[in-house]
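Shown here is one chain on its own, the form predicted alone, set out as structure tokens.
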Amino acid sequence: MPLLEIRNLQIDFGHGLKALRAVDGVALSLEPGKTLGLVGESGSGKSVTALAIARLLACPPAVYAGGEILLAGRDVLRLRAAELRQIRGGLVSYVFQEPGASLNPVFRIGGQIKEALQLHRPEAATDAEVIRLLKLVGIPAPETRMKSYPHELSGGMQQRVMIAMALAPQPKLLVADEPTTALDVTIQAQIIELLAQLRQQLGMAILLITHNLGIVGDIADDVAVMYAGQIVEQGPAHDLLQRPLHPYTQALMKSVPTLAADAERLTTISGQVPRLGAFPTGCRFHPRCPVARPECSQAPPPLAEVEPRRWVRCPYWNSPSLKA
């Protein structure tokens, strides 16, 4: 049984005629101990989908308009407040981007980790357990570092502290929402490697949210590509990265910088993600698609399984123009 299964999730902001749909029919599945990469540009709906897993969206303005979020077999959208407090941290934990904004600047990091332990594992709320967690995430001299304030640590060290806090309750699912965005390239690689090691050591599942397809290949088992509130392509990471089928996925791949490319300019995707309430008719990517046809602006394409375990929201995925 999947640890996480999202079925036809629909999330609006606002009510009635003023409702704007941010997530439209998203379906995802994540097995225990596996990693799913959720990829797309800013504004695609990735973070809204991730926050919905533990019902962290403020309601209002958010409205869960339909669908199911099954976490360990229980529909999160039907849980009471007391039940939600148990799964938040206990079953699913979050690591967000810009750790400096998530850590409390007036408390030492050891105390902040211990607070997470007191909430979910009070019997383990000791200095020894804090030190063990800091060692687990690769922080040197943890006995000394646990007494530091967040501003005394580098960005990479702060993110490691955030990961230690997320691991303190021993969750089964770790949601890493753009965990490397504010870090330099070298530290990004270290954080991704750390997450891969922790998954192997602890046997937890990871949902990795990112806008960069270049960093998911080393850690993800499966990848889902999101655009304008919808999943446009999904499949095994190796197959999807080696042979992307949707024009949007292909455009994302081409925009990843590479040292092997002999080009004076980086490849970009023209235009921008449409804002809520202004989604185009038909295929939502067609105004930016380099191979769009006139009929692409008519009926919205379904997400279809075109090959075993490969889903694509484009009826022309197999056309010669996309293979070129």
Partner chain sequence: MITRLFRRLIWSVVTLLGTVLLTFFLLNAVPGDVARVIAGSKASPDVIKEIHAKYHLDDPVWQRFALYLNQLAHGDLGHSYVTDQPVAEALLTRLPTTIALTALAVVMWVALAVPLGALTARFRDSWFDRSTLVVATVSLSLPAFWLARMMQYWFAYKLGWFPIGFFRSFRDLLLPAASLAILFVGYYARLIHTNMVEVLDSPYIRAARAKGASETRVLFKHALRNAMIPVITILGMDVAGLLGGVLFVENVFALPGIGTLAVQSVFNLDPPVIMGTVLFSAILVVGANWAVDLLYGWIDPRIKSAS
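Here the structure is a predicted model, which is why all the values come from computation and not from measurement. Numbering follows the first chain given and starts at 1.
This protein has a second form, the form predicted together with its partner chain, left out of what is shown; the following refers to that one.
With its partner chain omitted here, the record of contacts in the model of the complex names 80-88 of 200-208, 80-88, 123-131, 67-75, defined by a heavy atom within 4.5 Å. In the model of the complex, every residue of the candidate spot (L51, L56 and V92) has a heavy atom lying within 4.5 Å of its partner chain.
In the model of the complex, no heavy atom of I139 sits within 4.5 Å of its partner chain. In the model of the complex, its partner chain stays beyond 4.5 Å of every heavy atom belonging to Q170. Residue contact check for A101: one or more of its heavy atoms lie within 4.5 Å of its partner chain in the model of the complex. Although the partner is absent from this view, E143 stays clear of its partner chain in the model of the complex, with no non-hydrogen atom inside 4.5 angstroms.
Using a 4.5 Å cut-off on any heavy atom, none of the residues of 1-30 reaches its partner chain in the model of the complex.
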